[in-house]
Structures are given as structure tokens and as C-alpha cells.
Ligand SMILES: N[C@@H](CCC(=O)N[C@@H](CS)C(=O)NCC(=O)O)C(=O)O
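A single chain, nothing else alongside it, follows as C-alpha cells in the form predicted on its own.
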Amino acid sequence: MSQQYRIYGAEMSPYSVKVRAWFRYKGVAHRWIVRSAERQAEFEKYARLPLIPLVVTPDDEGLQDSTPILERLETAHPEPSIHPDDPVAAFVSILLEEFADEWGNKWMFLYRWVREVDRVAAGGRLARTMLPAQEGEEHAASARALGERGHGRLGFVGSSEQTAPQIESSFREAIAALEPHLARRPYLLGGRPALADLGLWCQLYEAWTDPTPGALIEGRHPNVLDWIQRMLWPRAEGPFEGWSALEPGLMPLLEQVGRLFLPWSAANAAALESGADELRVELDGRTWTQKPQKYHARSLRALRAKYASIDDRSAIDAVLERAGCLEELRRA
């Protein structure tokens, strides 16, 4: 039996490259397979949902959803660990990964599809990946159609004329906070990549590949750019740092989690529970409305369960309270 894993994914899928970066860091044998029309029957043999990435294990089992994939694989291949020994840093890493998956994806998706320059670029790249045999006008037509499809799906991640300024402001705030933090260390939590790196990196890597956010990163944030490129082939360069050394640089991100992400998460869950067609919540003094997202309610429950499983929460509670995160994580 082959000991090689297979990853069905796409370069333009943040969750696909997130999983691939884990495999590269661990040195676990794998084959990267671009999902395309030619691979569809093969994909459907293992996939429960029409989503990438799909990882097929050496035992011929299909795994989906990037965070559960990494949790499962980390158990099978624990070294070098992506979780710090410092319990505060370890939970902060888990929290930032969830923030990246569910809120950071709004950055990537908005920038990729809202402006024509980014939409045209992304549609062309996507068409070339999905339909590599097409040329000329056929390729151009597919690129336009995919660009318009992406633009039409902005609402699925909560992006609208009302919310777009807040999403873009959040992105700029995040990369500005990361810039001095990454000047002092190669990865978010020290000398080696953590779960938080994988989650945040994949969204910022995808943003970097698009014209508008790529220019923002390259023009003003060289340390973020270096980290983005380093994470394509991550490696252990030193130990994790303790939370006391990391707090000054990571607290601004945690404060975004407390001001924006967790209140949005709680409002989304409440809207689904009540059967509402729309969620409405005040985020940092601005009204946010969108259709509820079903998947995220499950991931919020999982996040709260991970918090509740910590035996001694006194140290992490002090940090979460300062960041404005504690109340929502304590809710059952």
C-alpha cells in the first residue's frame, strides 16, 4: 500500500494551500492534484461535499474541511508540532486560526471579486486552472463568466456595499499589526509555524496573488511579504516563544477577534437558532447585516468546546478578557 497522501486542491483555494503547507512543513509524502474537470470522477469517489481540499489517506479514506483535516493529521504526524507548549500561546493560535478561516476569508473573497481589475485577473487564472485546454475567445468567455460568478457570490461571505469598508479596514489593520511583529521573528509564534500561521497565511497568500491587496502588501509591508513567501515551504528555524514575548504583537489581532469576529459569530449563531433570514449586529460602531452562514455556527461550537476543555483557564482568561474575547467564548 502506498504511504503517499493525495491532496485534491487548487492554488486559488486558501484552504487547499493551507493543508499543502502543513504537508510541506511536516515532510509527509503527498501528491498535489489540481482539481479539474478531468479529475471530477476521481474526486467524487472520495468527497462527501463538492469542496476542496480533499485529502485521500494511504488507507483510501477521504478527508474534508481544512481544520478537521489538520487535527486528524497532526495526531498521526505530531512532530514537529504546530502547537506551542505555552498553554496561552497554544489557545491563542487556535483562536487566530478560527478567526482567519471565518473572518479572514472575507478579506480574500472581497478583494478578489469586488473590483474589476482583481475580478478579471482572478477569473483568468481560475479558467486556466479549471479548463486548461481552452484557448482564445473560449478561454476569455470562461474567464469572464467565472469572474462574474465570483462577484455574484460576494454575499455568501457577508460582503456588500454596506460591509465592504469594514472588511477592507480590518484587512489593512491586520497587516499593519503583523508588520512589526514579523520583523522580530520568522513566524507568528516564534521560530516555527503554528496553527495560527497556517490559518492566517493562506488567506493573506491568496490576497497577495491578486492585484489590489497584493499591491498593499508589497508596497508597505515587507515583513508580511517575507512571511507569506516563507510559508510556501515552512520549516522549523527555532523554538516557539512564550506568550509574554508574543503579546505586544499579537494583542492587536486578538482585539479584532473581540471587536469584530466573535460578536459576528455569536450574531450568526443566534440568527440561525431563531430561524431569521438575516443577521444584524453592531460591530465596532457600524451596523452589519447579511444572511446567516450555517457552517460557521458549527465551527463556533467547536471553538467554544476547545476553550471549555482547558483545565486551568486562569491565565488564558486574563488575556481573553483584555482582548474582549472572553464573554463570547464562555457561552454554552
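Note that the structure is a prediction, hence the values are computed from the model and not measured. The first residue of the shown sequence is 1; numbering continues from there.
Below, we turn to the form predicted in complex with the named molecule, even though it does not appear here.
- Though the partner is left out of this view, S66 does reach within 4.5 Å of the named molecule in the predicted complex, counting heavy atoms only.
- When contacts are judged by a 4.5 Å heavy atom cut-off, L51 counts as touching the named molecule in the predicted complex.
- At least one heavy atom of Y15 is located within 4.5 Å of the named molecule in the predicted complex.
- A residue is said to contact a partner when one of its heavy atoms sits within 4.5 Å of a partner heavy atom; R220 fails this definition for the named molecule in the predicted complex, lying far away.
- When the named molecule is considered in the predicted complex, only one residue from R149, R128, R235, R184 comes within 4.5 Å through any heavy atom, namely R149.
- Checking 317-325, 20-28, 304-312, 6-14 against the named molecule in the predicted complex, the stretch whose residues place heavy atoms within 4.5 Å of it is 6-14.
- The single residue of 272-310 lying near the named molecule in the predicted complex is Y295, the criterion being any heavy atom within 4.5 Å.
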